[in-house]
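Shown next as structure tokens: one chain only, the form predicted alone.
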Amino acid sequence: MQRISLAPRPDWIAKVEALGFDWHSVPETEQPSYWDESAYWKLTADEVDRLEAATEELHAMCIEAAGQAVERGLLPHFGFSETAIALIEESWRRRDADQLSIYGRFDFAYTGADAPPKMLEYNADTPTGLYEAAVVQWAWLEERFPESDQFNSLHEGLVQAWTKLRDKNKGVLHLTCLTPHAEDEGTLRYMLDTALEAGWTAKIVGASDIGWSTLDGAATNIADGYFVDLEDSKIETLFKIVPWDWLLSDEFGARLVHAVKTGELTVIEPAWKMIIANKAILALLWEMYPDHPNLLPAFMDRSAFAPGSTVVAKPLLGREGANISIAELGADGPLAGAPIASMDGAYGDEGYVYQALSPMASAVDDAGKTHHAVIGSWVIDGIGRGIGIREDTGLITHNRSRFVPHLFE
């Protein structure tokens, strides 16, 4: 892996906006651009092969670990409520018949060459960065390096996955997210496009616009109604970019659980994906596959690490780097001084998992700044379909870390 600097296209803003990529910049910060084409990462074909193989193997391992979590009664240790556990268990029992999962994104620490990619986490419920990985960096490649290649068959994979689901779920596909949110709304429009290309009849409805309808208009029993869109059309298949834990805590959460458990409502991603989206899966994977080359030591108790270890604390339900901290363990106490790095956020009450710190790809630019890269490796219907690279001058990748394109030769 090599980070190579180059001048951005003078009209890059107009070009990415013409693609519908309107969340390319970060206003009111010292970092004006989220999309950053002042550099790119160059990989070899062998490195791409390693990433693809690791992605598919780890996905299969996570499915196996999810089964173990259900069968061994481990879900309470994931911080799930009793309601969530009952829904997850029912969803898991129906997973083979439903085949509802579309996508997910692994985050890897990877230094390239012969080093194995190391799994940092699996964003298996509401992964971000899809449109820029699938479309925007591909358009950049075609203009700047048309003779090169890119690990990116995301669009084809999405259309194929939607086509498989179309044959199992007839009727209208509704797609939803919280609004206003430029990134989620843009991602939703892209998923709509791929579903339409696959032959679905589909429409977008804002999460706040989803209603509840009953025959008499006044019944309060959760079994006496169904979810509807703004046209009062019944919602039967719903793709959502809203975390499951947020949905379950909503005032309509009980109705949602009932509709899903009775089969009246199909939700994508399915509820069982909460297991592998939860950071507790990291400790379970390490227990099941100790010393696996693509895993890092991870435990639910920080004291399982030896004194002097550098450990990353991750909230079980955390997203986009929130509440992550990196610290060295001391000999006479849990921590040796202040954290090396940390991020604020609203997570952590649900508990933490502790994972060994791994080296990441890094490079120093002409201004002397060090850029650390995390590789987001996408899984579409169980297949490794491409990567997107986020980088930051800090050690923790967060929601404002830059997206930098890549190619391989």
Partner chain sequence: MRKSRYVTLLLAGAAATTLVACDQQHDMTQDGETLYGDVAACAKERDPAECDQGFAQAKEEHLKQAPKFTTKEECEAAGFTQCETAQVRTAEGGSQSFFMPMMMGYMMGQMLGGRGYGGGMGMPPRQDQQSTGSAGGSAAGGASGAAGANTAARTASRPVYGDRNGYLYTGGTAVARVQPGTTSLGSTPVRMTSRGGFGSSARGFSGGA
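Residue numbers count along the first chain shown, from 1. Not measured: the values here are computed from a predicted model.
Keep in mind that the form predicted together with its partner chain is not shown, yet the notes after this line are about it.
Name the single residue among Ile326, Leu165, Ile204, Ala109 that comes within 4.5 Å of its partner chain in the predicted complex, judging by heavy atoms. None of the others qualify; the residue that does is Ile204.
Between Glu89, Asp184, Glu236, Glu269, only one gets a heavy atom within 4.5 angstroms of its partner chain in the predicted complex; which residue is that? Checking each option against its partner chain in the predicted complex, the one that comes within 4.5 Å is Asp184.
I'd like to know whether Glu251 contacts its partner chain in the predicted complex, with contact meaning heavy atoms within 4.5 angstroms. The answer is yes: Glu251 has a heavy atom within 4.5 Å of its partner chain.
I'd like to know if Phe305 sits close to its partner chain in the predicted complex, meaning any non-hydrogen atom pair within 4.5 angstroms. Residue-level check for Phe305: no, no contact with its partner chain.
Would you check, heavy atoms only and a 4.5 Å threshold, whether Gly211 touches its partner chain in the predicted complex? Contact with its partner chain, yes.
Using a 4.5 Å heavy atom cut-off, state whether Ala346 contacts its partner chain in the predicted complex. Answer yes; at least one heavy atom of Ala346 falls within 4.5 Å of its partner chain in the predicted complex.
Partner-proximal stretch of 362 to 370, 44 to 52, 57 to 65, 336 to 344 relative to its partner chain in the predicted complex, 4.5 angstroms, heavy atom: This holds for exactly one stretch, 44 to 52.
Should the three residues Trp200, Asn294 and Thr310 be counted as contacting its partner chain in the predicted complex, with contact defined as a heavy atom within 4.5 Å for each? No, none of Trp200, Asn294 and Thr310 comes within 4.5 Å of its partner chain in the predicted complex.
Are there residues in 137 to 158 with a heavy atom within 4.5 Å of its partner chain in the predicted complex, and which are they, in order? Going through 137 to 158 in order - heavy atoms within 4.5 Å of its partner chain in the predicted complex - the hits are Trp138, Leu141, Glu142, Pro146, Ser148, Asp149, Gln150, Phe151, Asn152, Ser153, Leu154, His155, Glu156.
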